[in-house]
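Form predicted on its own, single chain, as structure tokens, below.
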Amino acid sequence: MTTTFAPLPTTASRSAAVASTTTESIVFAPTPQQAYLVRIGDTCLIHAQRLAEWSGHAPILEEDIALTNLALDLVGQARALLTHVGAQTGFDEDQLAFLRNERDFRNFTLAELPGRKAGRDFADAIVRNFLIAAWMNVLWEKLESSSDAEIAAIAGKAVKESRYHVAHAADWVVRLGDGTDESTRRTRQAVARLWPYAAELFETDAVDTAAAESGLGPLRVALQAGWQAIVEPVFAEAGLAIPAASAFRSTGSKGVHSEHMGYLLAEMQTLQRSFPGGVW
């Protein structure tokens, strides 16, 4: 069998390709409805980035593969949402992912908090994954009836993935929380660190109101009861107490991020900004 390779591009064609792209940040000014979808897509994307940090570092091989697969599901969900928004704004999903500045990202702060590289425990990855997966599962179920037919179709596929994400994370929460003295201690510490950031998942603002009024999607506060119905039984089985409510509110969904977000984006965006328009 003879293998044929495509010819390498000439210097002129490579220069033209690079000239048609840029490393400059895009100017992105979404409508409230677009911002609503970007908030979901950004949370999927940034959470996937944090989960992917465990590739090659999880405590067992099976979980190493599982967390990577969960991250790939989330990237797929993010891509579908950003592509949909991009079609309305003139940007593609790569530009929205790699050429926006920090303040233009609208993910929840919970998703961006440091992972393995900042010395956080494996329990942090599991607890965070469970809290976000439960929220996403309730959201996707409601988005199946979105007034936007494409979003409803995306939700129909994503809700199946999110059910598995919840089940997988819940098994680990129980395994660690109701495990050895050491695993119980670390899981309780992870809950204490992460729980205050969960309040942002249910903070309704003008973006949510616009989405709800148009039928695009639900208010965030409307997701709380369903989320609690998933989280509380699992915590009870794991022997974990639900922490007391706190006045603290994180603000990532408003574009005001923690100090960790800039470092995450620097790593995530470096290839595109260093080699604009690069292809494999």
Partner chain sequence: MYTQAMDTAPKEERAAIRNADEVVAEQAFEAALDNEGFIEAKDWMPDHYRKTLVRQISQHAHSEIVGMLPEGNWITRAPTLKRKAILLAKVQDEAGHGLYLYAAGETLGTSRDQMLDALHTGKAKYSSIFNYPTLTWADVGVVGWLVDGAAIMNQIPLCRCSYAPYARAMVRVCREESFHQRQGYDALLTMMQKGTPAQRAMVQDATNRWWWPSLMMFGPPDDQSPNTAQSMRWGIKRITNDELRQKFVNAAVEQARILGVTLPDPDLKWNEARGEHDFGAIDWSEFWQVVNGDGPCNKERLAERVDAWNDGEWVREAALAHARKTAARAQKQAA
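Positions refer to the first chain, counted from 1. The structure displayed is predicted, hence computed values, not measured ones.
Beyond the structure shown, there is the form predicted in complex with the partner chain, which is absent from this document and is the topic of what follows.
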*Hey, in the predicted bound form, does residue 45 get a heavy atom within 4.5 angstroms of the partner chain?*
yes
*With a 4.5 Å heavy atom cut-off, would you call residue 271 a contact of the partner chain in the predicted bound form?*
yes
*Answer yes if any heavy atom of residue 141 is within 4.5 Å of a heavy atom of the partner chain in the predicted bound form; otherwise answer no.*
no
_My question is simply whether residue 56 lines the interface with the partner chain in the predicted bound form - judged by any non-hydrogen atom within 4.5 Å._
yes
*asked:* Which is the contacting stretch out of 241 to 249, 212 to 220, 66 to 74, 226 to 234, given heavy atoms within 4.5 Å of the partner chain in the predicted bound form?
replied: 66 to 74
*Which residue, 172, 197, 105, 135, has a heavy atom that falls within 4.5 Å of the partner chain in the predicted bound form?*
172
_the partner chain in the predicted bound form reached by all of 97, 121 and 278, non-hydrogen atom within 4.5 Å_ = yes
*Taking only heavy atoms into account, state which residues of 165 to 189 are within 4.5 Å of the partner chain in the predicted bound form, ordered by sequence.*
172, 174, 175, 176, 178, 179, 180, 182, 183, 186
